[in-house]
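A single chain comes next, written as C-alpha cells; it is the form predicted on its own.
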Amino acid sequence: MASPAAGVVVIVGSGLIGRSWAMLFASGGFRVKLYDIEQQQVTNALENIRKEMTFLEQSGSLKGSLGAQDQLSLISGCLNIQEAVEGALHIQECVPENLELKKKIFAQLDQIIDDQVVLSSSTSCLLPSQLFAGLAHVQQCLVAHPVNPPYYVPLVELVPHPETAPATVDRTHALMRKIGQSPVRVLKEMDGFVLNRLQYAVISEAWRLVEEGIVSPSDLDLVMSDGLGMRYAFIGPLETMHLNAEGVLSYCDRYSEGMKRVLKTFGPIPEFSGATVEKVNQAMCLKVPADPEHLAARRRWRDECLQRLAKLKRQMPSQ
C-alpha cells in the first residue's frame, strides 16, 4: 500500500512535461490529479505513465521510496478543473507554449483557487509579468521551468512575477527539493531566464565557428560532449574558473586580458539560415537521420545516458 499522501498536486495538461511532473510528484509521495480537457488524452497519459514507471522500476531507475504500483496509485485523471483544484497545495500548468492559452488557463484558475495554493507555470520562455498580469492571486504565482526530460535532468528555474510573495518562492523551492529536483532562484525575470540564455550563447558561438569554417559541425559537438560538457556535468563555469587557477581572483588576474581579447572577436547574432543551415543539417542527418524512427531511437539513447549520469551524480559524495 502507498504511504499517506503528503498533499495534493494538480498537473494541468497531460503532455510529455505534464506526465513527467506527475511521475516526479508521485515519487515524492504526493497525490497527483492529472487534469486535461479530453478523456482520451488523460487515459493515454495514465497508460504512458504506467509503462514508463514499470520500465524504470525494472531497470532500477525509479525515483522515490515507493514501488511503481504504489506511485501509480497516487496518480488519477480528472476532467473537471473545479474538482481538480480542491485541496491542492500546488498547481503545475503544462499546456502548450502559447501565451493566450496559458493566460486563459490562469484566469480560470484564479477564479477558483484559495489563498494558499501555489500557481506555477512550466513555460520555458514566457515572462511571469506576461503570464500573471492582472490576477487576483498574483502573489501566489511563479514560473517553475523544468529541463526536458525533467525525470532525468533535475534543474528547475524558479522565476517570480514582480509581485510574487517571497514565501511562494520559498515553498516551491522546498517542494522541488522534496521531489529530488534542483531548484534555482532567478531573482528577477529576464527574457530566456538563465538556462536558455546560456544555451543560446553557446549555440550562437557554435554556429559562428561552423559558419566561418573554423571547425566542422561534428567536431564542434565533440568539443562540447568530450570537452566542456564532461566537467560541466558536475561543476559550472564559475567553479571551473576557481579550480583552473588558485581561485577566481587568480584566474581573472591571469586570464582576463586574453578572455576580453577573444570576446571582442565574437561576431553578430547569426541568422540561422542559408548555407550554414544546410551544412549543419547535413552533418547532423549523417549522424542521426531526421525521420521519426531514428530521432526517437536517439532520444531514447540520450535519455538512457542521462539516466546513468543522474545515477552517477547521486552516488558521488555530497558537497
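Start at 1 with the first residue shown and count on from there. Owing to the predicted nature of the structure, the values given are computational and were not obtained by experimental measurement.
Beyond the structure shown, there is the form predicted together with a small molecule, which is absent from this document and is the topic of what follows.
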Is the small molecule close enough to 118, 157 and 174 in the model of the complex that each of the three has a heavy atom within 4.5 Å of it?
no
In contact with the small molecule in the model of the complex (heavy atoms, 4.5 Å), from 232 to 240, 210 to 218, 92 to 100, 245 to 253, is stretch 92 to 100
In this chain shown alone, the residue from 41, 54, 48, 276 with a heavy atom within 4.5 Å of the small molecule in the model of the complex is 41
Since only the chain is shown here, I'm wondering whether residue 123 would be in contact with the small molecule in the model of the complex (any heavy atom pair within 4.5 Å). yes
Discussion item. I'd like to know whether residue 24 contacts the small molecule in the model of the complex, with contact meaning heavy atoms within 4.5 angstroms.
Written reply: no
Is it the case that residue 30, even though its partner is missing from this view, gets within 4.5 Å of the small molecule in the model of the complex, heavy atoms only? no
4.5 Å heavy atom contact, residue 129 and the small molecule in the model of the complex: no
